[in-house]
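Coming up is one lone chain in structure tokens, specifically the form predicted alone.
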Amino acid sequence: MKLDISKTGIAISAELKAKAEAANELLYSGKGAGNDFLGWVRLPSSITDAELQAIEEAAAKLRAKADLVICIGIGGSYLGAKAVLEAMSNPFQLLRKEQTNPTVVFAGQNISEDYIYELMAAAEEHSVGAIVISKSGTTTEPAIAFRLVKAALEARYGKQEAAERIVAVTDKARGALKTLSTNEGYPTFVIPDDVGGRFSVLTPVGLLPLAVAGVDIRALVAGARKMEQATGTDVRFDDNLSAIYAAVRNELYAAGKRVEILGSYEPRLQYINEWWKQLYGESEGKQHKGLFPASVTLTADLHSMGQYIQEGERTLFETIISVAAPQHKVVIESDGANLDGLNFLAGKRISEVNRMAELGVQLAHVDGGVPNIRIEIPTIDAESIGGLLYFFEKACGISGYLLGVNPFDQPGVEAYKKNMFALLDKPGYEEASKAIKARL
């Protein structure tokens, strides 16, 4: 991976370097805020071969039984797996006559009645399995989805066979889902107590559904392991990509920037953007502080959001994920009539045009007052994506400490739940229900 900050206008002071190194030290010493949730820091290097093998064996059993696996979860129990799966998948695989891997779809990340109805209707035409991911088992969105999926599986296959088609990823000892799994005999994997949801993609939360889908989880972990080594406390600041990124984005924030836009020129990375938005939004958006994480997919969004980025409020900067080498080759051919005027591109690869668009946009946006950070990965494969995920996680921890917040809690997430439960007349919310209905 390469990191280019030359077009940010930021010169990192010795003081800021020292603060970033100190923040990185806190992630290892456990003396900072949120120190109960630092299990992700050493996670890549601590994953054992036996753990990976257990995940692969469970995935193989699901793969043998089902051509459609419904993965149920929300937030960090969903976005990491979705992001890697989208990056690793051929977007047109469903158009092929033969499917080599089960199709993994997601539920429990919303409460849309149409979404769940259409999913359940489509599932009737397939052999189905399920992965349910929840530490408590009582989070509203996935709990509703699992109740429906569980009932459908039991109605079709019977309780015993349904239990063999369901794998739970949950708490090691307590909670509604753990109790249900024990009672029903579901195979289970553990969500580590010291790893928060948005940092959990390299636990069974992400690795199990990815293994079911045919992703090389060993290569994913290997890439993360290399990045863990490259961003440790023994790596000096000038060589520590995560520390540099964290420092620069905090310096831009201090200079008045309020929005960070993550973008790429590869549509397969769109859900990496979505995962990144949760990681940084939930980690840093506290105490009325923090950059607002937004995203674009280019060049498509140059014809929509491009106008705002070029000439709108100068309160934003861009971070671009650039891919050095595509996996396939497509060359533009010459056309005799040349009605589109594109013969000047004849003989060039599509990737060359894409790269020139990227570099041209970068210069235009910098000239327009938008600082630009460029992250380059070699190609879109499991190892590169694993390294990218850990790079962002480590930078998020450092950045949160530089900002002066606890990057590992999310107290604001509970606010909407209280109102929703009151409006749904959940037992225990009677007084709140009267008050909030009066407000509406």
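Because the structure is predicted, anything quoted here is derived from the model rather than measured. Note that residue numbering begins at 1 and tracks the sequence as displayed.
This protein has a second form, the form predicted together with a small molecule, left out of what is shown; the following refers to that one.
Peer 1: Which one, 319, 240, 139, 203, lies within 4.5 Å of the small molecule in the model of the complex by heavy atoms?
Peer 2: Flagged contact: 139.
Peer 1: Considering non-hydrogen atoms and a 4.5 Å limit, which listed residue (293, 197, 223, 263) is close to the small molecule in the model of the complex?
Peer 2: Contact check passes for 197.
Peer 1: Residues in which of 115-123, 224-232, 130-138, 327-335 have heavy atoms within 4.5 Å of the small molecule in the model of the complex?
Peer 2: Of the stretches listed, the one contacting the partner is 130-138.
Peer 1: Does residue 74 make contact with the small molecule in the model of the complex, using a 4.5 Å heavy atom cut-off?
Peer 2: Result yes; residue 74 sits at the interface with the small molecule in the model of the complex.
Peer 1: Quick one: is residue 282 in contact with the small molecule in the model of the complex, heavy atoms, 4.5 Å cut-off?
Peer 2: Heavy-atom contact with the small molecule at 4.5 Å: present for residue 282.
Peer 1: Wondering, does residue 410 line up within 4.5 Å of the small molecule in the model of the complex on heavy atoms?
Peer 2: Yes, residue 410 sits close enough to the small molecule in the model of the complex that at least one of its heavy atoms falls within 4.5 Å.
Peer 1: Check whether residue 354 has any heavy atom within 4.5 Å of a heavy atom of the small molecule in the model of the complex, and answer yes or no.
Peer 2: No, residue 354 sits far enough from the small molecule in the model of the complex that none of its heavy atoms falls within 4.5 Å.
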